[in-house]
Each structure stands twice: as structure tokens, then as C-alpha cells.
Ligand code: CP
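Let's start with one chain on its own, the form predicted alone, as C-alpha cells.
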Amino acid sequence: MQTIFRGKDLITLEDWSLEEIETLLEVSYELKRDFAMDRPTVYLPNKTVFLMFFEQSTRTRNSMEAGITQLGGHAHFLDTSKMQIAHGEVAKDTAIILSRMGHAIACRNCFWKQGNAYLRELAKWATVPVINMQDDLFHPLQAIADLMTIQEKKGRNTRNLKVSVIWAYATTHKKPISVPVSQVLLFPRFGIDVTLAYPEGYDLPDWVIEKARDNARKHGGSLRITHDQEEAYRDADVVFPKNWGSWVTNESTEVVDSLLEANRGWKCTVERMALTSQGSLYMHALPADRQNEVEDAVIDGPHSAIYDEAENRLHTAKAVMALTMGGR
């Protein structure tokens, strides 16, 4: 078990070793047990974390705010449109000043080709840990909660488990690629056999696929790509049917276009779930575009683990903060 985390950034789980991620999961389980038993977990008394949001949030904001409170600290919610960032203040100045006033900086910035660069600029200048609450490329807090949920439902030994990350039709907004990117990079490191399914035009970056396959080779997992959604559902133990935008092939911010409309049939249905293995899980980072991405009979049905998955956002967020803001 790794024990030295204090001051460590979490921009992507690719920057964390397997041992560090396993420690993060162990701490998450411990904190979840404490939460269930109503045991106090005051590991960060009087510590402050700044939560910078360039976009809306439900699970991420509340898991971080509730989490730091339960650890004995306090969160400052910062709407960046109300900060001097809106007047052009650069990341360097924001990072240095907030570092002098608190103990961690967390940020969500999903703007394409801007978000991750901004997070890394914050981390370059901050003297406190920087936590990625989602950017245009990575969503480590979601991915680790997803893995924790899979382990709870399917056992800690996930080797040869079949997990499918499947594109689905949605019209709410042009969503980032950060959730599927983080999943296909992380899951093979735990021996999982990942199937990535999407219509042509919704590709993930080439470097992501290369790195995911490298992770699979090193850790005994696998990654295959298909453009046939039925193939992805067939015999899967866990499915993640979720929309993401065509950012890699089309940088337009337009939500609904001809490519999207041509793929309205990419939807999680009862019939497709019937192709999966016995006891399979339906999972989603939320919010789901009900009726477009998924039928109510699935998301509200016996396969669904969405609420356990959402709760685990709390416990994994607490673990990240407890380890990086405290410790030695």
C-alpha cells in the first residue's frame, strides 16, 4: 500500500501508479463503511478546498462539498463567471493566490482543447494539490467511482470481466469525451476486457486507444473496438451506454447535426440488455438523457446500478481529498 500522497495532483489517473490507485480504492471503501456506521472522519479539520466550476454540476459539486465537510473541512464554491477569470485573469495568478489561501484547488473546465491545458497550468503554479473535477479529456473522479462500483457488484478481482463502453444518442448538449476516455484507460489496468463501441465519426483520440492497449498489454486486460452496438452488448458483464460528442472529428459546438441524427438507433433498450450476461450491470455517469440514451425500463430496472455509482462519487472524492490534502 502506498502511503505518500500529500500534495499530489489528480489530473488524470494515468499519472497515478496502480499501487496508488489501489490505495485510493481501499481508502474509499474504509470511508464508505465509516459513513454507513455514522462514524466521524475528521481527517482534514479546518482545511479549505476551492471548487472552481466553468460548467454546471450536480454529483461532482455535491460530492466534493459534502465530502470535505464530512472530513472536517470546508469548500468554497467558485463560479468562474463571477471570478476575475471572466476579465482575463490567467491561471498562474489564480493558482498562486488560491494556494496561499487554502489547501487544495479543484477545477472543472470541459472546453475542448482548453480544459486540460488550463488544469495543467493551474497545477504548474499551485503549491497545493490540484484535483480535476472533469476537463475536456479526463474525468478521474468519475472513473474511480465507476471502478469501485464494479468491484462492489462483481468482486475485487476484475480480471477478464467484460465491460462495454457504448456510445448512445442524446440531444441535451455536446458532451465531453472525458468519461469514456478515462474508462478505457483505467479499466484495462485492472485486467478488464473492454469493448469500445460507437458509430463512425465518434472516435476517441488515437493516443488514447494506443495508451489503453498498452495498459491492457501490461496488466492483462484487453481493448477491442466495434461499430456494432449489439456486438458490444452481447455477453457483457457491465455496460456503460452514454453519449459523447464528435469532438475528435468535428470541433463544432453545434449539438444536433446530421451525424447525430443518423445514429438515433444507438440506445440502451430492454432487448439489448437481454443480450448481456446474467446479472449484468447498467451504469451511467448521469445525468442520462432518458428516452434518448436509455429506456426507463432499463435505467429504473433490475440491471441498474446508477444510484450506487453516484453515491460512490462521495466516498472516492473524500478519499482523494483525505490522501492529497492530509497525510505525511
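The structure presented is a predicted model; accordingly, all values stated were derived computationally and were not measured. When you see a residue number, it is the position in the sequence shown, counting from 1.
If you look for the form predicted together with phosphoric acid mono(formamide)ester, you will not find it shown, but the lines that follow are about it.
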{"item": "Whether 58, 108 and 286 all lie within 4.5 angstroms of phosphoric acid mono(formamide)ester in the predicted complex by heavy atom", "value": "yes"}
{"item": "Residue contact check: residue 142 to phosphoric acid mono(formamide)ester in the predicted complex, 4.5 Å heavy atom", "value": "yes"}
{"item": "Interface membership of residue 313, phosphoric acid mono(formamide)ester in the predicted complex, 4.5 Å heavy atom rule", "value": "yes"}
{"item": "Partner-facing stretch of 49 to 57, 298 to 306, 266 to 274, 31 to 39, counted where any non-hydrogen atom is within 4.5 angstroms of phosphoric acid mono(formamide)ester in the predicted complex", "value": "49 to 57"}
